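In the block that follows, a single chain appears as structure tokens, in the form predicted alone.
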Amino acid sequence: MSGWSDVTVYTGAQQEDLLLRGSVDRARRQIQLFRVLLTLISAVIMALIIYTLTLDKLHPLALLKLIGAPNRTIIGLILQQALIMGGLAFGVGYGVGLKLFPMFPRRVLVTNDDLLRVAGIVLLISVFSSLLGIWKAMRVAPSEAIG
């Protein structure tokens, strides 16, 4: 059949390679782009939320500094808040996923490795998003608690 001019013959490996380089690869790259964009957007949103919450607490933070609280205590408070937010978001996402995945038209397979990777990403996002709030809290002067 390979000698026929109007027919192309492919081996099994060539067929698989052709399929994976074609439409499947494009769809995979699009999904990967959406993942990256959603991860970046969620990191920015979380950083802004932590920063806003820190701005609301500048007076109490200044008061803590005035009474002599060490910087690591203030850093720990902000970091703890970010980690709790990230943990709650992971828990809600996991719970919603358990309820919604059976309703999808195609089977959704989430392995334990996937869950661990997502948990690690959430942990990193939580830590990095708290940095802006920590930076602002370290810049507040203890004298702001008085005046």
Partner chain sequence: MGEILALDASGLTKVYGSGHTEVVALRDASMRVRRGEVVALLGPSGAGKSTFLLCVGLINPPTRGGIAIGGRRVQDGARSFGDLRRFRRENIGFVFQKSNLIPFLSAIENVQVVGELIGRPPSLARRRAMELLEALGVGPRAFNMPTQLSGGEQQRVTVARALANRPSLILADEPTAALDSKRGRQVMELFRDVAHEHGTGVIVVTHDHRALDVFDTVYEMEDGMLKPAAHEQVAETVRQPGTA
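Positions refer to the first chain, counted from 1. Not measured: the values here are computed from a predicted model.
The form predicted together with its partner chain exists for this protein as well; it is not shown, and the discussion that follows is about that form.
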Residue 59: touches its partner chain in the predicted complex, heavy atom cutoff 4.5 angstroms | yes
Can you check whether residue 146 is within 4.5 Å of its partner chain in the predicted complex, heavy atom basis?
-> yes
In the predicted complex, does residue 70 have a heavy atom within 4.5 Å of its partner chain?
-> yes
Is there a heavy atom of residue 43 lying 4.5 Å or less from a heavy atom of its partner chain in the predicted complex?
-> no
Select, from the options 83 to 91, 22 to 30, 103 to 111, 61 to 69, the stretch whose residues sit within 4.5 angstroms of its partner chain in the predicted complex by heavy atom distance.
-> 61 to 69
